[in-house]
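Shown next as structure tokens: one chain only, the form predicted on its own.
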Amino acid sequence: MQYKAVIFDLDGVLVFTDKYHYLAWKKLADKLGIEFTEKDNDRLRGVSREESLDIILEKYKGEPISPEKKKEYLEEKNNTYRESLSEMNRGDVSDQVRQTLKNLKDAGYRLAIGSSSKNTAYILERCELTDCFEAVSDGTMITRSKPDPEVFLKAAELLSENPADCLVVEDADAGVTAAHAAGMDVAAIGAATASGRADHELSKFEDLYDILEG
């Protein structure tokens, strides 16, 4: 096999929580008198919570915000977000994704998560995906978010695999950059295909099995 392990980004690849992020950030932006659209939300894909707040505050016109207040706002946003995540369930993961993950495991590939989200474990639990992965590298374990490669290197470390033997599946351009910086190939899906920088492109999730086994 060309690859021994597959490392998946979570949001936008296995599940879709964009609407929850958007509504939580918009609630905070409205409170601060900041215009925040779904197009603005697209800029937050693949970046950390702290960096997301800094992007939103680019349009802020009020008094300077202290670091302590920023932490309060981040906690407020995350509480709103987690409340909405409680609505997620097994049905939020498509049959195509579940079957492909099963097929990959049956074929001998080792599967891991590489996500900057600090809510990764909760989302996996809500969607009944936890048992699909040998390792989970997420925002609770890293100090630098994508496009830094730390989250993917941590996933490879947890699997005890060489980065060169890992394939990353990503939907964000920052994730493609991070995977390449980690010395890993990338299979892009969704918005990440636009740049043309990935090593493989997926028109649908199940194409991943054909790429790995073809």
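Bear in mind that the values here come from a model prediction, so they are computed numbers and not experimental data. Numbers for residues come from their place in the sequence shown, where the first is 1.
There is also a form predicted together with a small molecule; it is not shown, and the following applies to it.
Novice: Just to be sure I understand the contacts: of 159, 28, 47, 181, which is the one whose heavy atoms reach within 4.5 angstroms of the small molecule in the predicted bound form?
Specialist: Checked against the cut-off, the match is 47.
Novice: With the distance limit set at 4.5 angstroms and only heavy atoms considered, check whether 3, 100 and 213 all reach the small molecule in the predicted bound form.
Specialist: No, none of 3, 100 and 213 comes within 4.5 Å of the small molecule in the predicted bound form.
Novice: Exactly one stretch in 160-168, 60-68, 39-47, 183-191 has heavy atoms within 4.5 Å of the small molecule in the predicted bound form; which is it?
Specialist: Result for this chain: 39-47.
Novice: Residue-level question: is residue 10 within 4.5 Å of the small molecule in the predicted bound form, judged on heavy atoms?
Specialist: So residue 10 counts as contacting the small molecule.
Novice: Residue-level question: is residue 80 within 4.5 Å of the small molecule in the predicted bound form, judged on heavy atoms?
Specialist: Answer no; every heavy atom of residue 80 is more than 4.5 Å from the small molecule in the predicted bound form.
Novice: Could you tell me if residue 21 has a non-hydrogen atom within 4.5 Å of the small molecule in the predicted bound form?
Specialist: Looking in the predicted bound form, residue contacts with the small molecule include residue 21, since a heavy atom lies within 4.5 Å.
Novice: Answer for residue 177 alone: is it within 4.5 Å of the small molecule in the predicted bound form, judged on heavy atom distances?
Specialist: It does not: once the small molecule is placed as it appears in the predicted bound form, residue 177 has no heavy atom within 4.5 Å of it.
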